[in-house]
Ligand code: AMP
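Okay, here we've got a single chain as structure tokens, the form predicted alone, with questions on binding and movement later.
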């Protein structure tokens, strides 16, 4: 019998719990989470509610459980060094130590790492601690006809990046955000706006080897047609060939190569191995692929596209990441398409309703459901104010997967909404047409 400690209680952790329990090994699951997740509670042998940023509380629970290893889901505890703290009591984690977690927690760290080790993928960028210098660089890029991206140099829950033309218009607005970042984190990153199509490539990593998962596209904007404010992610899709309709195999190979070079650079820079998930946010542009950012954990919703397709033993993969033996494990995914649609409270993300009841449909075959920000109160399921429930359609084609996800999401009753266009032929075709136009220029 093996014990696994899972940190976190969102939909990402729900699918992680499901995947851990699907192992052919005899696995007992123990969870430490900020809130009660009804889906995870059903799968676990033990469940502790507490602050995942309270290192001593997490360690105390781990001392009681004595797991074989821990899987850390959210970015904040990873960025704060929870893996380092757990190792002090002899518990290894599927997550990087604090030094490696800077790959996500510091935008400047990642840009500088690529530059130092000559790794391709960086846009034009600058890192600034002085607002006057930041303004000067912004004006310089504008003089070249380049729009700006301004990135806070720290974790801000998916709200730390603003893009000119999408979130702000004038240089002054961008510099105002830059000044707030300098005040909060001590520095800001300003870089050129890249034109193309974004995609996510997550990799299992053991510090020496990487194994890539199917490619995914996320949808950050709240409303249909990619409008409205940024969110944590309204939904995602992946195709049955593990590519995307607007990507080439060469695009994915470039992204894979960048991840492997970054893994090697991290070991040289930090003198320690990166163990966990390297999640590259990339963008296909006219002349290749550029790196937008790295995350140091599974994406949410991206985990819900790939983990249900995983045919291999996830517990064995976790142990291989810890032992630096990923090259000795056969990692296989089903050749299926997936579409994930998040149902969210009315008013999300700015002023979401809370405490209202949801009524869920019977799930058709081919649909998975993952609980996020909801609570079970007696027989009722109620909204807690953030993304509520994710529905994932799994089919032989994108059309089938989208139809399945739509059938489930549309049947939820309550004060909620979701993006009907995610995974549809019309929206995907727009991306295909855009890339054809860019590459033909």
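Here the structure is a predicted model, which means the values were calculated and not measured. Positions refer to the first chain, counted from 1.
The form predicted together with the ligand is left out here; the points below concern that form.
In summary, the region of this chain contacting the ligand in the predicted complex, judged by heavy atoms within 4.5 Å and restricted to 359-367, 292-300, 93-101, 318-326, corresponds to 292-300. Note on the partner interface in the predicted complex: the residue among 261, 194, 141, 131 having a heavy atom within 4.5 angstroms of the ligand is 194.
In summary, among the residues 71, 149, 83, 213, the only one with a non-hydrogen atom within 4.5 Å of the ligand in the predicted complex is 149. For residue 220, a non-hydrogen atom is located within 4.5 Å of the ligand in the predicted complex, even though that partner is not displayed. Taking non-hydrogen atoms only, residue 226 never approaches the ligand to within 4.5 angstroms in the predicted complex. Residue contact with the ligand in the predicted complex: residue 161 places a heavy atom within 4.5 Å of it. When the ligand is considered in the predicted complex, residue 341 lies well away from it, no heavy atom lying within 4.5 Å. Interface residues of 355-382, taken as those with a heavy atom within 4.5 Å of the ligand in the predicted complex (partner not displayed), are absent.
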